[in-house]
Each structure stands twice: as C-alpha cells, then as structure tokens.
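The chain below stands alone, shown as structure tokens; this is the form predicted alone.
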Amino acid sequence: MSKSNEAKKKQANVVLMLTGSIACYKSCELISRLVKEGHSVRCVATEAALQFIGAATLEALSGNPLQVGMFDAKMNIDHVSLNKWADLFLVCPATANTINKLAAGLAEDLIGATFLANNFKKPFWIAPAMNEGMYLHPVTSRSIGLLRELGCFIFEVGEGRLACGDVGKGKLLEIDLIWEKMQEVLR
C-alpha cells in the first residue's frame, strides 16, 4: 500500500469486550491485527473472561489499560466515555450468559452498561461462542433474534469440535472471517 493510501485509511477506535469463554485466546489475534493496522483498541473484560486470559496480555496487545469493573477508580463513567470514544463495539467471544443479559437490558456490569448507553448510534457487534446446547436453547435463540432486531450485528457461529469435547454448532467464528467483516467497516 502506498503512503498516500495509508494516509487515507481510516483509523478507528474499537472497544473489544471479552466474556467468560475459552475462545478469549482467539480474540488476542484480533486485537493484535487491529493495533498493527493502526487502530486504537480498548479492552473490556468480565471477571469470568479473566479466568481464561490475563489482564497483562490484553493490556500489552492493546497498549491501553484493561477495563473490568463499572467503578474502577482509574476510570471516569466508563460506559459513557467508551461510547463517546468508540467507532465500533465488538463482544468477542460472547457467552450465552452475556447475550441473554444484553437482550434483557441488564446493566449489572460494564459490558451491559456500555450496551445500554450505546443506543445503536455506533455499530455493536456480537460474536457468540458456547456449547451447542446453550447456543440452540430457545432463550438464547430468542435473545439473539431480539438483539438483531434492535440493531446488533450477530456473527454466525462455527461448527466443529467444541471446548467441551462435543461436536456441533457454537464455536467462535474463525478470526479471519470476523476480521474480513471488520475491514468492511474500518476502511
């Protein structure tokens, strides 16, 4: 890419939210790619996500402090400031728990509060990752449908061997496919 094309390339602010799934490790590749492309990334993680991937990893890859709690002393009204800053929100991976909480409008954590503060003025994308039973459960299906109706973009899930050893639907979509979709918006 020539220097003139690089200068024209849009540099975006991306909020990447991670929830408690083994697929968190795959999001590291996405963060790395975004930063290498010159985008700014802020990571928000649930406490459950931090059982799968460390805060130091997310901070090192993004170059920004990790945000976890709604009332972290170092941050000021996180959910509002994130919405002012971001060009795009991506929950990756999104567990059934998080998807169902978002659809119910619960703001008991930073991800839920950020979602409610968004009002779909900016893209809010969700990349599910879970066991097939949880993915196909009628409550999760209804929640995914409602989130789509509200204006969220929901990635399809992959199919194959799941973390629990089962084979079926529910895998986080391949990072290359998520990346391709992001490029449509971030260019």
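Predicted model only: the values in this text are computed from it and were never measured. The numbering used is simple: start at 1 and walk along the sequence shown.
The same protein also has a form predicted in complex with a small molecule, omitted here; what follows describes it.
**Request:** Go through 114-122, 130-138, 34-42, 61-69 and give me the stretch that gets within 4.5 Å of the small molecule in the predicted complex, heavy atoms only.
**Result:** Single hit among the candidates: 130-138.
**Request:** Indicate whether the small molecule has at least one heavy atom within 4.5 Å of a heavy atom of F155 in the predicted complex.
**Result:** Although the small molecule is absent here, F155 would stay clear of it in the predicted complex, with no heavy atoms inside 4.5 Å.
**Asked** For A96, is any heavy atom within 4.5 Å of the small molecule in the predicted complex, or not?
**Response** Yes.
**Distance check, L173 to the small molecule in the predicted complex, heavy atom within 4.5 Å** = Although the small molecule is absent here, L173 would stay clear of it in the predicted complex, with no heavy atoms inside 4.5 Å.
**4.5 angstroms heavy atom contact with the small molecule in the predicted complex for A48** = Flag for A48 set to yes.
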